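The structure tokens that follow cover one protein chain in two forms, given apart as structure 1 and structure 2.
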Structure 1
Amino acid sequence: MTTRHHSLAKNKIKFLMLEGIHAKGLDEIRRSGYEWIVSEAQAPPPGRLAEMIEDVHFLGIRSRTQLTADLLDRARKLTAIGCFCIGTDQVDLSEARRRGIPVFNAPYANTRSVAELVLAEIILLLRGIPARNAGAHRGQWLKSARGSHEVRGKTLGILGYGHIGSQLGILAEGLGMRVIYFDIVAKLPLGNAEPRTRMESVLEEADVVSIHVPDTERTRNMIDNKALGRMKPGAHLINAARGRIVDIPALAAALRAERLGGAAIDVFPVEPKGADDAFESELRGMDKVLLTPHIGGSTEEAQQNIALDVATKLVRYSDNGSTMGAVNFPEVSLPDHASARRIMHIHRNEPGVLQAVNSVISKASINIAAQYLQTLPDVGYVVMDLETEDAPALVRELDAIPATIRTRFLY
């Protein structure tokens, strides 16, 4: 499928922002000169969404809106997608790339919020607060020091030492904890954290294990019955990463058998689609478990940061073609183009495409002021600043190149 999108005045470019994206993001888009913004508080059902996106140029979503290949087929004008969250699992990234649609997210904007939640859960778990809180609600007075510990001197094991894991380690060290970590990529330690070469070593040594890895085939059910069996008796498990990383039935069994001291789970393999749907989990009703509804990044500060980050990326792509921060697309950081017309050519990465593009420019006797090219195995992105007054005619010529996916030009 080949799609085309040429230059439009800003007042003709439509932004559709779903799922209650923070006002900071909408304000940034308006401040940049875009007036046609439609905003909705919820994720519409697929049938309605298919109708809504037919005339949309820029789409903003959070985690509940699922963008499949069929929906992308309906979005003939769609130029870019902004995931106003951390993950992009809700978008078929390869299909978006095949259509020349970059997808942006905010991978680091909620780092502090998640780290703070986990830090609080570490203290609560080691003090035995979940069970004491549950008992008090039932009228029980569980005033005992048994099973209640300070965090100072305890070992925190971090699985996944990225932005969140490493910041958590720094915060935990501030409370006097010893920090060990495992990551499949060699990472330099911050503070006094100690790397481990095997995940099993972290499981065996840590009083609290906190998970901060992405959802991949390698990590799904990574914490299974065997992994849980390696943890220290009475240790605690925290998962604020992705729901499919922990085998929930295996965790429930380990808690019932009192092999673990407790757990804090913020993400689940299957989550309710809205506030009206019931939350089901084998962990419900367990006094030693903290259950939270996927709120690791749900602070006002994080949502503001995410909104501003993703909105800025969408505006930069619309205004000058920069794709830095795209998760599925060649990344190009571009300067302003005040003295030239900028043309952006997205194409299948096949031999001879750049030669064909340059041939079109050469035949038109147009000077190339600047040219930028980045490629992925299947898609190429070439941006040209050209000294021409007839960009539409040139775009038509570039559209005729067989490998073309999409051509845009900016005034």
Structure 2
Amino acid sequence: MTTRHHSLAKNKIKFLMLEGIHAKGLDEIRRSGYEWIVSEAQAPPPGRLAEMIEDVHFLGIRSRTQLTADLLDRARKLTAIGCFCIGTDQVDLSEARRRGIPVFNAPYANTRSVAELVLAEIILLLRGIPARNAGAHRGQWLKSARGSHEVRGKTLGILGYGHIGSQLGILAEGLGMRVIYFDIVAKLPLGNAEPRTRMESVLEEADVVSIHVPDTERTRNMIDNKALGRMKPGAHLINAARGRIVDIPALAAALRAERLGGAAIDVFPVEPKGADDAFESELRGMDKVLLTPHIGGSTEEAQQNIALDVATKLVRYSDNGSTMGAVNFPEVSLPDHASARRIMHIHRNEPGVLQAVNSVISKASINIAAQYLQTLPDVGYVVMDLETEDAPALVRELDAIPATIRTRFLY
């Protein structure tokens, strides 16, 4: 593998931003002193992309651009990739790491959007709005207070008290709800929320259960027939997390049997690939179910937050070497670099590499002001602040260490 390094002036660093990345992201990069930004509204076809990325240092994509090992080979100057979205499946992450390229995304930029939608759904479900709305569309006038409730004083049960779950809890308390939650990790309760040590307790006590866990082996079909059977008669279920967490046939059966009062479902085990693909689900046609097309996190504000978040991470990596928030790379959090030269060395994680790096430096009688190292099983990343006037000579020597993937330095 070839080694690559750069210490380019900011106006020589090229950003290629594809798929119509929000202007907020481009503004942030420009504001940080980078002028060479090429942006395109579409995802180019692979052949054209291969040509476009040959001289690019930073690449911004969304979910439609597939970055394979072959394409990465063509991108000989590529320093980092920003996925301006939540998912990173479109990038071959380990191949990027092997080439010394960190990949950044924005996993939590749409937290608020999801929490707000769920909050609205809680109110709509407790008022029986889905069925009344469906009835009115058919000319029915279902005017009755029966089965309609205020949310004040009701119990919200949250499964998964992470970014979304905990924010939802705070918002729901603002409406006067009592909040209980279950998480597999001990989480500090916010506001007056109360933790439960078993998921079953949440299911048994809550008037509304809302799911905010990730899609893992353990959470697959976590809400099955048995779990649904534990919920209070007439309780409601909300899933805006991932489709495979709820057993949909079991949910449909519980709703038909009127064991549950209603449900709001945003994510499904199988979702249409695009607007031309029909949405199929056993829940279609059930008046008590609020169905939404996986739009929990889809707002203009979330798009802006995503753009700003990922652009900031790319700029920090370029300016300072920090890899915090990288999904495929050793994470090193760094103070701003001051008077010393900062040298960043990415290497295959083999025994003796750090020793080889340090011996190059000590042979040159250079003082190490600070050194930060993180490793993953295959790749290590060491950042050093060095008191030297001749960084290029040192970089040449570091490049000569056989395990070196890439060396970069900042003034």
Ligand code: NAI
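Structure 1 provides the reference sequence; residues are numbered from 1 along it. The model shown is predicted, which means the values in this text are computed figures rather than measured ones.
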{"property": "Form predicted together with the ligand - structure 1 or 2", "result": "2"}
{"property": "At the hinge of two rigid parts that rotate between structures 1 and 2, the residue from 154, 301, 315, 193", "result": "301"}
{"property": "Domain reorientation between structures 1 and 2, expressed as the smaller rigid part's turn in degrees", "result": "21"}
